[in-house]
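In the form predicted on its own, a lone chain appears below as structure tokens.
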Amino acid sequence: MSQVELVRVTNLKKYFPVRTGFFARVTNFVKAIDGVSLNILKGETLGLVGESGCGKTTLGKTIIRLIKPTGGEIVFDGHNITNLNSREMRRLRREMQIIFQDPYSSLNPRMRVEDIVGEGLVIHGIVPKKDIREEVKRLLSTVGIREDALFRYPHEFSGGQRQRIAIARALAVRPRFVVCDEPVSALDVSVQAQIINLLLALQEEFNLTYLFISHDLRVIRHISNRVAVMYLGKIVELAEVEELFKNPLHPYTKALLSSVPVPDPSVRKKRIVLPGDIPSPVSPPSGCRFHTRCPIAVERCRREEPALRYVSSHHAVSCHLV
């Protein structure tokens, strides 16, 4: 893994309008992402964790411009792509791809595997038309699918096989950056391990950079180089993976790690149970967004929003009390 940046986002925001009434007037906004700043290095896997609804998937889709940001800046390989139009973005689509959570709904049920995987090759003119079938066979072989799958449809495969096909589709255009949006959460545990090992092997073979989104901390620890912890639209902690697991600093990160099961029954672990529910992203709390559930919150946390600051060379945290 190099120390060269491939992706940098600065104060990134994505607000979705809330419309009410007969005329569907905008009365409020869902603040799905609210001021996220982070970088992703070439060749690394940045893990992104947090509870459901915290904005992980929206962040991934916004970084690759599947969703247009409300504010902030996205820089890819030194180029600002925040305000590129659809024609300009089309040239960049080869560089950035996404693997979705549910392989069944992300694959067109009316298309054969040959057409699903080969579609990107046709659109971007990567190989001559006469060579597309051979290239699709090669891609399928790379992800562990036999070539007799070419003329079959997605419903004829298992969940793990469909995800392999989705990975082959993402790799077809030879990207450099791939957003993996919970790519194993819909799969059986044994199949999860196969897909994770496949992603690691492909990363080394094709020199890929991953943003790996998951709520499974064991998967994140296995695959990531660094980990960003997200809560209610903001990054609250960012550190190298072993540093985060051995020395978590933010109270929310500590609570998440306490929920990870320990396979040894003789080891007893103190579980941190957070009170209450996640506040609404429509009207997030003032000050620190975690203060309504934080066991150590003080008055300053209610009034003043903490900045994400580095407390060591590779460990940043957003907490007044650290």
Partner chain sequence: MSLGTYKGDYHGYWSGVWREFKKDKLAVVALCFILVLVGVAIFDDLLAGSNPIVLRWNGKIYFPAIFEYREFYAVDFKELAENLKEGDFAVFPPIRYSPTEYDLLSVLSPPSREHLFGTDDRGRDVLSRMIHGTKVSLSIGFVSVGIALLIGIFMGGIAGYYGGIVDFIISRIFEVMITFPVFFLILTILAFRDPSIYNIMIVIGATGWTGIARLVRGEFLKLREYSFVEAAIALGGGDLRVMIKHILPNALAPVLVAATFGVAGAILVESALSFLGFGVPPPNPSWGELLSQSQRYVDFAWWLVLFPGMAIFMTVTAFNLVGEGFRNAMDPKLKSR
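Note that the coordinates shown come from a computational prediction; the quantities given were computed from them, not determined experimentally. Positions refer to the first chain, counted from 1.
Unshown form predicted together with its partner chain; subsequent notes refer to it.
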item: Contact residue in the predicted complex, from Arg138, Arg110, Arg146, Lys129 (heavy atom within 4.5 Å of its partner chain); value: Arg110
item: In the predicted complex, the residue from Arg133, His215, Arg93, Arg221 that sits within 4.5 Å of its partner chain by heavy atoms; value: Arg93
item: Close approach of Thr209 to its partner chain in the predicted complex, 4.5 Å, heavy atom; value: no
item: 4.5 angstroms heavy atom contact with its partner chain in the predicted complex for Ile123; value: yes
item: Close approach of Val173 to its partner chain in the predicted complex, 4.5 Å, heavy atom; value: yes
item: His79 within 4.5 Å of its partner chain in the predicted complex, heavy atoms; value: no
item: Segment assignment from 193-201, 115-123, 234-242, 71-79: heavy atom within 4.5 Å of its partner chain in the predicted complex; value: 115-123
item: Residues Ser283, Arg302 and Glu304 all lining its partner chain in the predicted complex, heavy atom within 4.5 Å; value: no
item: Stretch 98-114 - residues with a heavy atom within 4.5 Å of its partner chain in the predicted complex; value: Ile98, Phe100, Asp102, Tyr104, Ser105, Ser106, Leu107, Asn108, Pro109, Arg110, Met111
